[in-house]
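Single chain ahead, written as structure tokens, the form predicted on its own.
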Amino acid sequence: MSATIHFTIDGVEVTGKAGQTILQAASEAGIYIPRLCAHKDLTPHGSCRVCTVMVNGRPQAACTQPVSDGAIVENETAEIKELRRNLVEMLFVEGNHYCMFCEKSGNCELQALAYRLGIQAPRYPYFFPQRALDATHPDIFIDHNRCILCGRCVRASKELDGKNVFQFIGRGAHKRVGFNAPDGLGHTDAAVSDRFVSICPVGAILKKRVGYAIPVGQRLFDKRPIGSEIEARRAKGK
């Protein structure tokens, strides 16, 4: 049995290796599949479903679905794009995302993905939830208003930092990210040098005293659309 797996994404032949996910193989081939909870250094989680693709006619999360020989993957259909727009819009209205005033604006993956999907404003009513802020840590600020429950911080703290700073608390609409200390992040062993600090895709985890060090207009997604670094590989023939 060959170690190379052949399949197609929107009619383009792609090769992958046993054990790879569709998202990983697509990224190596220079094909961008939108994602929020997924990160190359973290165990796949499949929580946001923004990376949903059709695999042989069935919806699957590309970040957890393994590649398979002969699979027909659809990534850019009108149906899939509309699904992603709905998911991203719901993330906006379920939280308090004031992009004009957020320090993460221009570096925010949620904001950048909304622009890529052509979202100017959500079509759904805003929830305007009452969510807490946590400034108990001397170097790190937590704003639960921006949290999208992607779980990146939970996984990064365990898998990359070797700690257990975060856990999910509650269920359903009451689910949130909590700390392993009852009195706030400042009472945990979290450090500003930990990887979880920089791995949040939105403005829920911020370093103190460095706000707007990079001016708006000169930030990562101000310069180029999200996913363009992946698509550049394909343009170069890699």
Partner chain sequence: MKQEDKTLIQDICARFNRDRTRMMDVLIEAQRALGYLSSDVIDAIAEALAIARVEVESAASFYAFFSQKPRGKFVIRLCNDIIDKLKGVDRVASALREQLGIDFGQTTDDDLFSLEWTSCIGMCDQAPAALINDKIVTRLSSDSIREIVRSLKEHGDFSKLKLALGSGNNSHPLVRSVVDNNLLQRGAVIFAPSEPSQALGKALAMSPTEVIRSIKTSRLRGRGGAGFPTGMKWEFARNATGDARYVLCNADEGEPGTFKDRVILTEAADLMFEGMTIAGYAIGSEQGILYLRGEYAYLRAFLEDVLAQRRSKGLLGDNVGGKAGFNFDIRIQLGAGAYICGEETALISSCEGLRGDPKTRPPFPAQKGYLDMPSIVNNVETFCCVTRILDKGAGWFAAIGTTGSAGTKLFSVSGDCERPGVYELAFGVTLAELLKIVGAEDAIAVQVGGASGRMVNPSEYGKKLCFDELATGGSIMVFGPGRDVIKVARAFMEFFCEESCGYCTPCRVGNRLLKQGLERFIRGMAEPSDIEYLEQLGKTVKTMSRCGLGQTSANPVLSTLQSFRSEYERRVVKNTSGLQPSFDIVKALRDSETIVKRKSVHVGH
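As the structure is a prediction and not an experimental result, all values here were calculated from the model. Positions refer to the first chain, counted from 1.
This protein has a second form, the form predicted together with its partner chain, left out of what is shown; the following refers to that one.
Contact annotation: of the candidates Leu160, Ala135, Leu83, Ile72, the single residue with a non-hydrogen atom within 4.5 angstroms of its partner chain in the model of the complex is Leu83. The candidate site formed by Met54, Glu94 and Pro125 is fully in contact with its partner chain in the model of the complex, as each residue has a non-hydrogen atom within 4.5 angstroms of it.
Put simply, Phe196 is far from its partner chain in the model of the complex: not one heavy atom of it is within 4.5 Å.
Remark: Ala191 does not count among the residues lining its partner chain in the model of the complex, judged by a heavy atom distance of 4.5 Å or less. Residue contact with its partner chain in the model of the complex: Thr77 places no heavy atom within 4.5 Å of it. Contact annotation: Asn180 falls within 4.5 Å of its partner chain in the model of the complex, judged by heavy atom distances. Along 193-229, not one residue places a heavy atom within 4.5 Å of its partner chain in the model of the complex.
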